[in-house]
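Given as structure tokens, the chain that follows is alone and in the form predicted alone.
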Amino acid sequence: MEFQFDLIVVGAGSGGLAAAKRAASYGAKVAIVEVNKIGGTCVIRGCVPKKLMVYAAKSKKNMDSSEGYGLKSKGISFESNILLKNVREEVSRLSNLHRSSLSKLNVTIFEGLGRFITQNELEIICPKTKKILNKVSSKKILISVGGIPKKLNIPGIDLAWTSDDIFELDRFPESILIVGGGYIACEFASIFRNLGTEVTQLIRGQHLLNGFDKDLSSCLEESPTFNEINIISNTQLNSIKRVNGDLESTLDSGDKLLTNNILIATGREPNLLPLNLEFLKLKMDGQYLDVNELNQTSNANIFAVGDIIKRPNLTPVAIEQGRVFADNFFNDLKRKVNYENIPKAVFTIPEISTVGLSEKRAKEIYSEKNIRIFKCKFTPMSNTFKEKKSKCMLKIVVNKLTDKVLGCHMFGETSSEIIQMLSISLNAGITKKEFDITMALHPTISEEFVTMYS
């Protein structure tokens, strides 16, 4: 069979774009298929628009708490329609930049829904009319369609928003119920609250951010922002109905809540259903496509990267997976993705960052007697004259037997910028002694990482 392309990428998100561009740069004939705007979750409805909203929330919070510095901010109002409009314009600009870069590399762009008809062929379907627009074939096909928000199976769920809907709003609501305790839920709770919306957060467990180091979760719950959020724990949402223009939520406790809107932020799942994969009988790992270290599925010419495989679902990880795939199969470089010490951040206000093992996980692996914890908690100098003072928390997890640093965790301003550099140190195998002999830069928050001795 003669193929039209060397590579077809299904999904123009971070991983797919990285693979398509890298493969095309090596001279491969590449096509990319996308049913939405080019850019994927991160650019269109995730990292980028969300972080722009975080900047707005930080700016408002700083304005509201700067009188101690002699800055009078009375009379400042927040116009959410301006922010939302500007966010959408920036997203469109970035999407167009990606489109332009694909064109410069002679990557063919097919707009529509890609569905498998054989292991080497796809049909491109118009999502509105369901009409078949094209049929294309390729030696290799890379699936990078990303994830979609999970929806609860309860009455009235279609009345609620998901995180994808937030960026399409005209204005922010006056009150909102956010269902979920993970990073997406906490980030939006922080954004909405700091921009003036009354927030209630419903979590099925006892604490926010399950899976993160416990001290990080505690610091977030104790912060000024989350002290202003009504957190209802150990509870689930049973149903939703409209009442006089608002939404009434019924909880499993029998209690009822009335808010303008509801955001369901209970996680994301692979967006595989539209691809018509069933007849290929690809091996699965739960709800994810099973791949080997080359990101190859059980079908030798079909590959997968990003949020549809059981690896850390993070933008830089997907980008590296895409590039490594292209390097290996279109330039014979024999590379592997390094999954060790991947830094993570939660962009609440203040923000959370982490790299390496949590205290709990370190003790599970090495036993409690072999782990030493270094921790400090303090009010940063930037909050000296503020009425509501957020604290910082820095924490180092160390293996007593080797002195090797196993994990670093931080709650506080600029923590994501700091943890990025610490991830380099952990990858280099840094020890606690090497932290100790490093000269501090004063006065900074990050100096506490090299001055903790107990």
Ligand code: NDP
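Don't overthink the numbering: it's just position in the shown sequence, from 1. Bear in mind that the values here come from a model prediction, so they are computed numbers and not experimental data.
Same protein, other form: the form predicted in complex with the named molecule, not shown, and the subject of what follows.
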Legend entry - 4.5 Å heavy atom contact, residue 172 and the named molecule in the model of the complex: no
Legend entry - Contact test in the model of the complex: residue 330 vs the named molecule, heavy atoms, 4.5 Å: no
Inset, instruction - Answer with yes or no whether residue 367 is in contact with the named molecule in the model of the complex, where contact means some heavy atom within 4.5 Å. - result: no
Inset, instruction - May I ask you to state whether residue 247 is within 4.5 Å of the named molecule in the model of the complex, using heavy atom distances? - result: no
Legend entry - Proximity to the named molecule in the model of the complex, single hit among 314, 373, 109, 125 (heavy atom within 4.5 Å): 314
Legend entry - Of 183, 161, 226, 116, the one that lies within 4.5 Å of the named molecule in the model of the complex (heavy atoms): 183
Legend entry - Heavy atom of each of 204, 267 and 347 within 4.5 Å of the named molecule in the model of the complex: yes
Legend entry - Option from 331-339, 73-81, 135-143, 184-192 whose residues, in the model of the complex, bring a heavy atom within 4.5 Å of the named molecule: 184-192
